[in-house]
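One chain is shown next in structure tokens, namely the form predicted on its own.
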Amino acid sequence: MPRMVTITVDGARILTPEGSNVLEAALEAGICIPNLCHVPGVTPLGACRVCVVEIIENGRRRLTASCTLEARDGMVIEAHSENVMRARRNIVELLLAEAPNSRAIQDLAARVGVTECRYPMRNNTCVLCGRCVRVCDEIWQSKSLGLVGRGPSRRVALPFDVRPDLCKRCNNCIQVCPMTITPCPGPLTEPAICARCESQTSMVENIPDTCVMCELGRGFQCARWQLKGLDARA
């Protein structure tokens, strides 16, 4: 039996196994922390920063990604403070500018209340979340994909852009990619949220910190949906 620790998230005391991360502990307890790059069962990367929370230690506050934050006994976390929500909305706004026609990003934007974007639209097909790379490496042990380059030239690629013999052609890299979700059919002529996506937030308007297993979570492959799938297969 793993040692259990107690953390406090948004005032709720949560008992979770020592060594688990704050994001999964909060989701298991029904507290909604939006996320994009996290995949249960693989090493957290903290690439997207959408799951940012505020940790309070010795009277000081600092923002950090909850997926890479190990739960420690007595830890106090705020997942929906004013600072957190401001940072989270700005992060999602940047993602929306990067890939405005992505259903996953539109769903995230709707969930955190972003309805328009102040940044130039780039319309990329990859947001470098690293989900495909980690699943290929850790679950399928193929190591056929990697993140190469730096800065604007950074991308996901095959070794020397050639499919290696170790590739199992399982297509799991495609299945876990949030960019391959069928795009929203609503009109989108600029980096903003269409009425179809925005209407899905009605169920959570009064309970922004509560996970209600909304369809938006299914759309961007929120870790809560994945954890539910893992529980069903157990």
Partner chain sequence: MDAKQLDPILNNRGSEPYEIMEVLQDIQDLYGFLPEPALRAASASLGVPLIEVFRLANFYKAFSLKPRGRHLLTVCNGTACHVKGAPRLLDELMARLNIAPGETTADEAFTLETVNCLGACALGPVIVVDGVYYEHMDPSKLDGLLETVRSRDRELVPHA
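The model shown is predicted, which means the values in this text are computed figures rather than measured ones. Positions refer to the first chain, counted from 1.
Not pictured, yet referred to below: the form predicted together with its partner chain.
- For the residues V76, C126, A157, M121, the 4.5 Å heavy atom test against its partner chain in the model of the complex is passed only by A157.
- Only one of the listed residues (I91, V112, L145, V135) places a non-hydrogen atom within 4.5 angstroms of its partner chain in the model of the complex, and that residue is L145.
- Partner contacts here mean any heavy atom within 4.5 Å of its partner chain in the model of the complex, and among 98 to 106, 81 to 89, 159 to 167, 67 to 75 they occur only in 159 to 167.
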